[in-house]
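Okay, so here's just one chain, in C-alpha cells, the form predicted on its own.
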Amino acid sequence: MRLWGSRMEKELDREVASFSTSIGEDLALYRYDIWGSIAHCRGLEKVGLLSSPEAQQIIAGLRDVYRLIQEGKVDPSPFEDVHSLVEVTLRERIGEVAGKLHTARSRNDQIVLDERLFLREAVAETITQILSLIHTLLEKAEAYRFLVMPGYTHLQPAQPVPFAHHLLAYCFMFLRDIERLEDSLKRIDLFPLGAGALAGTSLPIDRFYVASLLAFPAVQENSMDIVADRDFILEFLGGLAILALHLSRLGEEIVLWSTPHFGFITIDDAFTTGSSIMPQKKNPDVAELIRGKSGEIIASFFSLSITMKALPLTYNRDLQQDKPPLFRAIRETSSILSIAGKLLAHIFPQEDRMKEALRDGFLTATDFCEYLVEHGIPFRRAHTLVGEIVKKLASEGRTLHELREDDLGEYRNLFSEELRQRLNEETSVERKISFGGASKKEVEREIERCKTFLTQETDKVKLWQNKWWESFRELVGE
C-alpha cells in the first residue's frame, strides 16, 4: 500500500517493491510518527486548515492506531513504510478525513521529524547506560583504591599506578563520551517539520507552535538542508564510534590482564567460556566480544558517511539507508554497555600477582631520576646515569631494591635510606602529587569528581525525559 501512484500507468514491479520497501526498518519509528502526526494535526487546527471536529477525529484515530500497532494488531507487511502504515490504517478507522492529515507536509520532512524524536531519546538512554557503567567502575575503584599495579607504555612495564587510577582513566573516557553525546543533542533537538518536500509550503502553518508541542527548543531554518542532510545522525554515530573504541580498549585490557602472562585478574566463571577440545581452557569471551562487536558500531558511522558523501540536494532515496546502520549501532552499543557493566562487577584483582609484577621492569627508575634532580643533577644527566645503572643491575640479575652505594659511582654520596624508600614501588605513587597524578589524594579527588558528574548528569537526563514524556502523554494520551 502506497501513498503515491496517481501519475503511474503500471503497478510497481513486485521485485522493485520488495527492494525499495523500508517497513522492516522504520516500523520501529511508529511511536514517533504518530506523536509527530498528532502535533502536526494540532498545528493544522490552529491555523484553520482543519476544523476542530476534524482535528479531534484525526487525533482520536491516531491514538487508536497507536494502540493497535503497540498491541501487534496491524500487519506491517503490505506497507511501503511506517508513514503509509499509519496513514492507511488511520483512513480505515476514520474514513476520508484522514487524507487531510498530510496537508503541508511531505514524507521527506516527516521522516526527519521521526528520526529526531527517536534520536533524542536514544541519546538520553545511551547516556543513562554509560552512567551505569561509570558507577560500576567507581565501585571497583573504591574497593581497591589502595592496590598498586604496574602501569605500561608500549606494553612494557613503566611506572607503578593504583589499580583505581587505571579504572578511573576509563571513567574519564566515558565522561567525555557523555559530553559528546550531550553536545550532539543540541543539533538533534531541532524541529524540522514544515520543510515539505524541499521548499516549504505556501499554506499558513505555524512551525514554532508545533515545535513547542513536541518540546523542541528551536526550529530548523533552511528547508533544503532539513530534508537533505543527516549530519545529526552522523554526529550521534560518531559519538557512538568513539564510545565503542573506549569499550573495545577496556575489553582488550581485561583480556590481557586475565592471561597467565599477566594474571592480574580472575573473571567469574559465569562470564567465561571453555573450549570444545581443550578441557583446561577458561576464555574471556565476553571481553573479546566487547572488543569485536565494537567494530559494528564503528562500521555504522562509515556506512552512513559513504551513503551521504556524494548526494546532491535535496532528498534522494539513498537516505532511506540511514536507518539500518543507526539502529544497528544503537542495538550493539546498548548490548555492549549492559554486558560490560556486568563483566566489570565480576572481575577480581589478584593482589599478590600485581605486587609480584611490581618488582619486574625497574618501575621506579623515574623516581630515581627525580631524586637525583632534587639534589641538583640536571635531568638529562640523571636520566643517563640511571639508565647505565639499570643496565648494570639487569646484567647482574639485580633489581633496584638491591642497589648498592658503589652503583652510583661519583654520586655515591647520594646513596641513602631516603633513596631506598624512593625506590619502593608501592609508595612511589604517593609522590605523584601533580594534579591528575597517581597519588591516593588525587585518586580520591577523581572519584569524587566522577561521583558529582554522575549525580548532575542523572538529574539532567531525567529533566529531558520528563519534558519529552509530558509532550508524548499530552498528545498521544498515555
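One-based numbering along the sequence shown. Everything numeric in this text was worked out from a predicted model, so none of it was measured.
Only in words, not in the display: the form predicted in complex with a small molecule, which the text now covers.
The partner is not drawn, yet in the predicted bound form one stretch among 39-47, 22-30, 407-415, 54-62 has residues with heavy atoms inside 4.5 Å of the small molecule: 22-30.
For the options His83, Arg105, Arg120, His165, the residue carrying a heavy atom within 4.5 angstroms of the small molecule in the predicted bound form is His83. This chain is displayed alone, yet in the predicted bound form one of Arg317, His154, Arg380, His261 has a heavy atom within 4.5 Å of the small molecule; that residue is Arg317. Although the partner is absent from this view, Ile111 contacts the small molecule in the predicted bound form, with a non-hydrogen atom inside 4.5 angstroms. Of the heavy atoms in Lys323, some are within 4.5 Å of the small molecule in the predicted bound form.
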